[in-house]
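Coming up is one lone chain in structure tokens, specifically the form predicted on its own.
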């Protein structure tokens, strides 16, 4: 009895194994056509109408789809494989079936006037440089710009800019920039034994404590309310005295300028009244002298007298 049961178990195991092997083996009258690049399989076999009518439509279609999918998977694993990140993948070939587009292909762009002119003259575009942009250097430059903007200084170069001769100031600036480039802005950087503190680094704004004794805060608020509530503004005596002294000095300077200004020149008339028969007249100072004119007594132009 025990022997029969063991034989039955072995037969059942063989049957199960055969079913598993049969599940990956599909028999078709005509071989399917495959396009592995697009993961597509074409089945040209004739559908059995009798079997289609006897079975349910969904079961028949599901069984047909399963068999064709199995054949497609079998064909995929016939291609070369490789291991990528502990996973075995298949290298798919190029697709062979042209698939329709959703939209028409774009039309070629008409050439510009410059392109037409360059083609006519045979001008070819040349590369300006062979340098390659470094993203790491770009990020480093942005970081140094942010640090320089925060410290209100000029944007430094990437590291120490090479020059003919490095001065002491340049070296000190490069050291300060290198120390302040850390995440803590150089707060926890160690100093040398005789290193001096950097100058012109700016002052940090100090805030009043938010906990503890509030008497000082209370007094500040009361003083502020007192100033706002007073009808007359608070008088700064020193500022008022200085302003008055400046006004007095300005008025005194204006008065001295008016008093010692340029004196107006006295104007002279260089024409003289003529007497007698056309002699020369003599004049004193800047005024014109009297000259002898024609007998008719008309005014004649006399020569200016000597000083």
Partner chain sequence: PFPYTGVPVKPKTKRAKRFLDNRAPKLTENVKNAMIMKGGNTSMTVTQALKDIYALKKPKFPIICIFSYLQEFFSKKTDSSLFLFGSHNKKRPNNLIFGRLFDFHVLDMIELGIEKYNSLSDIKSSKCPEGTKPMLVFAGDAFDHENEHKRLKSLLTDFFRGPVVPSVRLAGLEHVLHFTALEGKIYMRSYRSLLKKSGCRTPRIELEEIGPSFDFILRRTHLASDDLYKTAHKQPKALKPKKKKNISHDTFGTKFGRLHMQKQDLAKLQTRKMKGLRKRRGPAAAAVVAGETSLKTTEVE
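Residue numbers count along the first chain shown, from 1. Small disclaimer: the values here were computed from a predicted structure and weren't measured.
This next part talks about the form predicted together with its partner chain, which is not shown.
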query: Residue 55: touches its partner chain in the predicted bound form, heavy atom cutoff 4.5 angstroms; finding: no
query: Residue contact check: residue 243 to its partner chain in the predicted bound form, 4.5 Å heavy atom; finding: no
query: Partner contact for residue 151 in the predicted bound form: its partner chain, 4.5 angstroms, heavy atom; finding: no
query: Close approach of residue 24 to its partner chain in the predicted bound form, 4.5 Å, heavy atom; finding: yes
query: Selected contact from 76, 178, 185, 118, since only one has a non-hydrogen atom within 4.5 angstroms of its partner chain in the predicted bound form; finding: 76
query: Among the candidates 125, 91, 113, 168, the residue which, in the predicted bound form, approaches its partner chain to within 4.5 Å (heavy atoms); finding: 91
query: Among 186-194, 210-218, 103-111, 143-151, the region lying within 4.5 Å of its partner chain in the predicted bound form by heavy atom distance; finding: 103-111
query: Partner contacts in the predicted bound form for 243-257 (non-hydrogen atom within 4.5 angstroms of its partner chain); finding: none
